[in-house]
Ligand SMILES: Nc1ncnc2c1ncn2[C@@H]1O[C@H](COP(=O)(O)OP(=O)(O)OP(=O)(O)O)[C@@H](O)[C@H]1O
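Form predicted alone, single chain, as structure tokens, below.
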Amino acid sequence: MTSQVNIIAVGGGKGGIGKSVVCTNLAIGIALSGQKVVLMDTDFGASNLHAMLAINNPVHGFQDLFNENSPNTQSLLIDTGISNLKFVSGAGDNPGSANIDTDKVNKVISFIKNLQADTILLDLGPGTNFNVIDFFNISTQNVVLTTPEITSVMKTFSFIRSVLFRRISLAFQGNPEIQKLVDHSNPGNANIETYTTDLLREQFKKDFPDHLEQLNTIVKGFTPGLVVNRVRSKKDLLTGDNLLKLVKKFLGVKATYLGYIIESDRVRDSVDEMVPFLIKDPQSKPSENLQQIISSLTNADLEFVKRDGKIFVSKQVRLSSGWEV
């Protein structure tokens, strides 16, 4: 039996925090470790991930899935020139390309789930609209990105909350009374008093006691991983721990701190030169930070070394505690 493909979604509530840069380099690192990887740009209407890979004007992209005479879906997979890594472009910047309806979203999700790969990475657009959140929620590993600035932290908290409440909403979509508690997309028809999980749980105890266990299961099953980008100081390092405490206190969500990436000219230069920083200098500090994050995601200790224009990867798989001697 074929094992389920691993889908890693990289999201965050705020634009301009480096999701595309981080997602691209994560995909490259995982591909270099030996997995077959597909990197996908799901930021419809503002796709720019191809520039990170020095791919100019991709011929095919997600928009082809919606055309009557669409090419074979296999043709959407663009060769990146990096071993084990394929790329699927977004919808470009054509007018209306960001406005895809539920049927089209489901078609894209079906396409993603049927890809032949070990790992698929989704670079999501900013914000908390349902398209972004629904793509995030199909992932088997959730990665939430933030920067240390308070505006980014607040947006990240809102993103995590929106993802959780969307999961709850979909689980109880046949119950209009519960929808008023968890679907805040229409404030005029919602109970915005149930902002935190504790308040929501109290309301369930009172009005929907038979569904309380299901609610608790949904909350317990949501375990996103957090990455703090553009760290400049020891104080910035605390952002991850503080955000974990925040989502635990108000949402009851047990998130994991996957790691951080320091602010560096090497990262900015790599974007300008359209050469991912992990390829440009795998032994730089940002690359070392990224390798730690990949290790957390793959449960394997990785080390990348560049010699004579070639990147060599050493990989040590971590054993579970039951196998330790």
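If you're wondering where the values come from, they're calculated on a predicted model, not measured in any experiment. The first residue of the sequence shown is number 1, and the count goes up from there.
Although it is not shown, the form predicted together with the named molecule is what the next lines describe.
The closest non-hydrogen atom of Arg268 lies within 4.5 Å of the named molecule in the predicted bound form. Arg230 belongs to the set of residues with a heavy atom inside 4.5 Å of the named molecule in the predicted bound form. Mapping the unseen interface onto this chain, Ile261 counts among the residues with a heavy atom inside 4.5 Å of the named molecule in the predicted bound form.
Within this chain, Gly225 is remote from the site of the named molecule in the predicted bound form, having no heavy atom within 4.5 Å.
Along 8-43, a non-hydrogen atom within 4.5 Å of the named molecule in the predicted bound form is carried by Lys14, Gly15, Gly16, Ile17, Gly18, Lys19, Ser20, Val21, Asp43, in order along the sequence.
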